[in-house]
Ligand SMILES: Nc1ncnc2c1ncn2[C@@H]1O[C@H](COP(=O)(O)OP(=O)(O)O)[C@@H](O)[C@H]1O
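Only one chain is given next, in structure tokens, and it is the form predicted alone.
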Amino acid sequence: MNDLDAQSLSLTFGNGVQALRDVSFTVESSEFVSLLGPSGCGKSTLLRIIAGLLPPTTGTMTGNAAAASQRNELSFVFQSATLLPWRTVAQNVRLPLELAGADNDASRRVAEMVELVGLGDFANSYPHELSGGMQMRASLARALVIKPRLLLLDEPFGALDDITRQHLNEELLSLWQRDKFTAIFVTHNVSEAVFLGQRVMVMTPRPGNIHGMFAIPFPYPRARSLRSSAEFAQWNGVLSNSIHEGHAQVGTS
């Protein structure tokens, strides 16, 4: 069953720049999809359209997740942690529940989520007391505390070192396997896209379009050792080639 069905989405900004052109795709319920493409190709713009933060110039979006934001079933993790500096980790994680009208179960859910992302000992710490990786863990906990149907992630680990990034990739997949939310993860890192996604959608440079769709065959849970396998390297090559083909396609169009 499709959670999201996007048909012919295009977006042209008021200054005449066309960010997206005729983008069509589907996302199934509880699927984890990586959205891969070069910087400036419109990945983040597409994610904001899905979230309802930007209206498309043309095209439609339907499916169970299309109206998730109106039902408080959508969470968005941005490139930076965007934590409120005057609130502790627990208070930051609690914020979406407060905005939704926190119930009596809120404190338990906050404590559970903070513990789940490995920040149990830092629940009363402030953002400036945390490392970058810990801040992103707090941001993930805040996004997941409402138990979203749809989780959108816009290059959330891009500013982190490779080791921290890989750890958070693994933790994110553990959370997804536990809660089975639908996830769309934007990245320009080929290895990250392969490791995370059941499918990878490769975008062309601006105006962004879906150049290729790839089903990644590795079963879950995906062990850390997968990254050093020949099959993993082969899929990195396949997707890298697709990105280059997308560049060439736009250059000749």
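Note that residue numbering begins at 1 and tracks the sequence as displayed. Being a predicted model, the structure only gives us computed values, none of them experimental.
We do not show the form predicted together with this ligand, though everything after this point is about it.
With the partner omitted from this view, the residue of 52, 59, 38, 212 that lies near this ligand in the predicted bound form is 38 [heavy atom within 4.5 Å]. Within this chain, residue 42 lines the site of this ligand in the predicted bound form, having a heavy atom no more than 4.5 Å away. Contact annotation for residue 19: at least one heavy atom lies within 4.5 Å of this ligand in the predicted bound form.
With this ligand left out of view, the stretch that reaches within 4.5 Å of it through heavy atoms in the predicted bound form is, among 23-31, 216-224, 43-51, 193-201, 43-51.
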